[in-house]
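Take a look at this single chain, the form predicted on its own, given in structure tokens.
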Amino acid sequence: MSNVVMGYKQSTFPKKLAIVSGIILLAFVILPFMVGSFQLSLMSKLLLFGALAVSLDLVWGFTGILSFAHGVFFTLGGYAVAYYLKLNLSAENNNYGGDIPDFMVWNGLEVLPWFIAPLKYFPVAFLAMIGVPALFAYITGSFIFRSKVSGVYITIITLALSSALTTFFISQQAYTGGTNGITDVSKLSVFGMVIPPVGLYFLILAYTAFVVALAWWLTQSNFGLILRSINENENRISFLGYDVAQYKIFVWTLSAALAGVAGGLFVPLNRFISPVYLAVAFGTQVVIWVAIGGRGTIVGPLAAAMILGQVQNSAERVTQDWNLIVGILLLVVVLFIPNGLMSLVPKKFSLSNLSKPKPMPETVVKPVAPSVSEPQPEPVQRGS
């Protein structure tokens, strides 16, 4: 594929931003040795929420697809890991001393369901953490984008998916734990060694850094230019011969896989997963992170998720109406900073500035004066 799309060319990664990114990453590496266990756990959770927000930014900020279903992808990945950790819980720690999870015993199941049993093995659970949300996204995305559904109708479909799956998971209490979800899971271990909270933090930090780097690389490539072109003028990019639906399906599926891994890492950190993360409320929260941070900025949604998480944690100590504070902050951003918090950052340090394609300079064609040596045409004389 050519390096030029619709008269645009790729931008380059400046050294100053690389240095700033390295300093920020170093600060996060040092952080566990400077804070307590509660703040370490909170930061780990907020990093995962930030990675989830970046995955939504790929489809909304760059492709223009507003989705409230990213909580669904997050939760599907979480349930895959939760089953693995629950099935590997020692018999001594199981309320009934058997291999079947307690919530299944409560609901009368005597045999482990065939579609859950393979999740006892780590390779299967790992593939399910990525594959189940990705497959679900691919199926729904193929239906939506091949049918040429666009605009607000996509948003309505994602809202319906979130509501329907929330109801389904709650109703299937024998298999999903119902409203309570899957709780009291075992700790994540590698070769029999339990990963401590600091180890989980570094694992989550590495994954979040990977998501940010992958998102930046994709949006700086020709693929990213096409996504932005689809967002700005879908019909025009289609007339140029690009399969718009295929690009949408790919970024939708990739985003779901990234969200699923974030959900999978969330489970060993918090030791539970429940349908509350399937609900529209959580999906709306992810949308708010992207809106406040700045669509199409990559770093903005990550920063907003972490900042709002700290605001929520502080506000909950004072009042139970912390949602009111978040709502006021969202209102202020929409009215006075419509491009998000990242619009306040100098452009040379902003990933959004880098991801915008730069127009190629126009070629100026100057008229060439006739040479002196060239014969000049004689005027035609008309007969009288």
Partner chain sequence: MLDLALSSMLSPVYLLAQEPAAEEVVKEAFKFSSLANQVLNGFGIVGILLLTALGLAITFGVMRIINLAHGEFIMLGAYITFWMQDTFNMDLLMTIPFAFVGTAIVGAIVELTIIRRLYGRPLETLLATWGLSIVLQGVIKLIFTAQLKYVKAPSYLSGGIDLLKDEAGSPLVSISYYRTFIIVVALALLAITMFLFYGTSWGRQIRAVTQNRSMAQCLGVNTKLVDMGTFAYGCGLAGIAGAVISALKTVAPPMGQDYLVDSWMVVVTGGVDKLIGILAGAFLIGESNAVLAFFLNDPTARVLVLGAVIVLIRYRPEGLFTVQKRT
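Residue numbers count along the first chain shown, from 1. Predicted model only: the values in this text are computed from it and were never measured. Take the two forms, superpose them, and find the largest set of C-alpha atoms that agree within 1.5 Å; that set is the rigid core.
Another form exists, predicted in complex with the partner chain; not displayed. Remarks below refer to it.
Contact with the partner chain in the predicted complex, defined as any heavy atom within 4.5 Å, is confined among 205 to 213, 160 to 168, 124 to 132, 69 to 77 to 160 to 168. Residues Trp60, Ile144 and Lys148 are all found to lie within 4.5 Å of the partner chain in the predicted complex, as judged by heavy atom distances. Among heavy atoms of Leu335, some come within 4.5 Å of the partner chain in the predicted complex.
Shown alone here, Ala174 lies within 4.5 Å of the partner chain in the predicted complex, counting heavy atoms only. Contact annotation for Arg271: none of its heavy atoms lies within 4.5 Å of the partner chain in the predicted complex. The shortest heavy atom separation between Val311 and the partner chain in the predicted complex exceeds 4.5 Å. The partner is absent here; in the predicted complex, the one residue of Leu330, Val35, Leu344, Val29 having a heavy atom within 4.5 Å of the partner chain is Leu330. Within 4.5 angstroms of the partner chain in the predicted complex, the stretch 262 to 296 places a non-hydrogen atom from each of Val280, Thr284, Val287, Ile288, Ala291, Arg295, taken in sequence order. Leu335 shows a C-alpha shift of 2 Å or greater between the shown form and the other one [criterion: core-superposed Cα displacement of 2 Å].
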